[in-house]
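One chain follows as structure tokens, the form predicted alone.
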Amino acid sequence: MSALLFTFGYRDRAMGAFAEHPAAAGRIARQDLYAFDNLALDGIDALLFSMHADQRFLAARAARIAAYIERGGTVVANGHIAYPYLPEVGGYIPSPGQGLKDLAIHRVAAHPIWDGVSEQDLTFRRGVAGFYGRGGHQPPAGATVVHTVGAQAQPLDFIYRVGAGRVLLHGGNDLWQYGGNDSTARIAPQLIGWLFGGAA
């Protein structure tokens, strides 16, 4: 089992730490995004896209990404979708305000990726709210929404099925960048466990 973590021309320390995390056990390889057209995706279990990925490039390859998922692949995507490249997901909708009530993260469904991660730690980073998410996307019918943001309950983290595959969209900063001395340190290893463990 293996996953490709797509880079974007910048040496991102969080990406490196995620790919080299002991839980990954060498199964996550970093790959330049612009080599995508030349990659054979057979045998690759997951594609991981950063919030910094070139979405115009990906949107031009949306059909290939959709076909990969339908055959049983997993896609993890982060960030604000400006150029739709995931099946059945539209563009990003920012929170209508920037006050605390607009930025508070709420869990609406339990999921192994966020097991033991507190909503307080997701809402605040170094005492400031808004790093984890400042808006959301309209999920497809049947998606499992895990977190919403703000009083408007905008879907921030959700997972849905496409054919034999699955998509996790996190509408904020890259999930693999969280950690440190609070409960968000659980996200990276638990995300790896979800990628390779077969949970829904």
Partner chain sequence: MTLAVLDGGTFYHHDTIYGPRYRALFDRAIYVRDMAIRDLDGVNLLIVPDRINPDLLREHRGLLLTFLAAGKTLVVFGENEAETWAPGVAWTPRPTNFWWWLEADAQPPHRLLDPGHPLFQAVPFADTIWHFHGVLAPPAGARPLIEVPPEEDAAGGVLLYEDRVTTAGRMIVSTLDPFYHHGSGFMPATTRFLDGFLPWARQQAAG
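Please read all numbers here as calculations on a predicted model, not as lab measurements. Positions refer to the first chain, counted from 1.
Just so it is clear, the following notes concern the form predicted in complex with its partner chain, a form of the same protein that is not shown.
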Query raised in the report: Picking from 62 to 70, 29 to 37, 139 to 147, 161 to 169, which part of the chain touches its partner chain in the predicted bound form when contact means heavy atoms within 4.5 Å?
Result: 29 to 37
Report task. Using a 4.5 Å heavy atom cut-off, state whether Q55 contacts its partner chain in the predicted bound form. Result -> yes
Query raised in the report: Does V76 reach its partner chain in the predicted bound form if we count a contact as any heavy atom within 4.5 Å?
Result: no
Report task. Would you check, heavy atoms only and a 4.5 Å threshold, whether P87 touches its partner chain in the predicted bound form? Result -> no
Requested in this report: Answer for K101 alone: is it within 4.5 Å of its partner chain in the predicted bound form, judged on heavy atom distances?
Outcome: no
Query raised in the report: Considering only 115 to 150, what residues come within 4.5 Å of its partner chain in the predicted bound form, judged by heavy atoms?
Result: R125, R126, V128, A129, G130, F131, R134
